[in-house]
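To begin, one chain is listed below as structure tokens, in the form predicted on its own.
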Amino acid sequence: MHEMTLVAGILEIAEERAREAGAARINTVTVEIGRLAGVELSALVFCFETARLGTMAAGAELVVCELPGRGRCPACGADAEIDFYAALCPACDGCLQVVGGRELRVASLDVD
């Protein structure tokens, strides 16, 4: 379960940014996660609920914005939404190259 490691990183980033802003508490952590990032969302939420205890985010809500996978065909230049790393171009049946959906980032914080 690598989600606990991801949550540890998310909390580290969130606390660092909150301290930089002079905040005492984190209310909400919003993360953007691509569908191709290999993250099990339910496991991430479970890990967040556990790992946040004893941190500035002890009472924080985790908001997850899931981003679609995106592929681009090198042959014809068409873009398409994809759910897997191996996908065919809907226009010419060429192999799509992944150009989006692997992201995992802290998008915003709400702090006091």
Partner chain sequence: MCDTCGCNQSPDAVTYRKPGGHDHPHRHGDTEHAHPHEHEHDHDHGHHHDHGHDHGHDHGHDHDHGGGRRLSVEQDILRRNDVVAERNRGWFEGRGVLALNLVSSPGSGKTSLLERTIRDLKGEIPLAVIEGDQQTLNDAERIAAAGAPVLQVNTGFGCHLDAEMVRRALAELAVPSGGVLLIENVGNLVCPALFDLGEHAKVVIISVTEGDDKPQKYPAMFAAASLCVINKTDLLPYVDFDVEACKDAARRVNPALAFVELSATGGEGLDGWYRWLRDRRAAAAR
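Numbering follows the first chain given and starts at 1. Worth saying up front: this structure is predicted, and the values here are computed from it rather than measured.
There is also a form predicted in complex with the partner chain; it is not shown, and the following applies to it.
>> When the contact criterion is heavy atoms within 4.5 Å, does residue 62 count as touching the partner chain in the model of the complex?
In response: Yes, contact at 4.5 Å.
> Counting only non-hydrogen atoms and a 4.5 angstroms cut-off, does residue 91 reach the partner chain in the model of the complex?
Replying inline: Residue 91: no contact with the partner chain in the model of the complex.
> Does residue 78 make contact with the partner chain in the model of the complex, using a 4.5 Å heavy atom cut-off?
Replying inline: Output for residue 78 is no: heavy atoms all beyond 4.5 Å of the partner chain.
> Would residue 33 count as a contact of the partner chain in the model of the complex, using a 4.5 angstroms cut-off between non-hydrogen atoms?
Replying inline: Taking the distances in the model of the complex, the answer for residue 33 is yes, it comes within 4.5 Å of the partner chain.
>> Could you pull out the residues of 93 to 108 that have any heavy atom within 4.5 Å of the partner chain in the model of the complex?
In response: Heavy-atom contacts within 4.5 Å come from 95, 102, 104, 105, 106, 107, 108.
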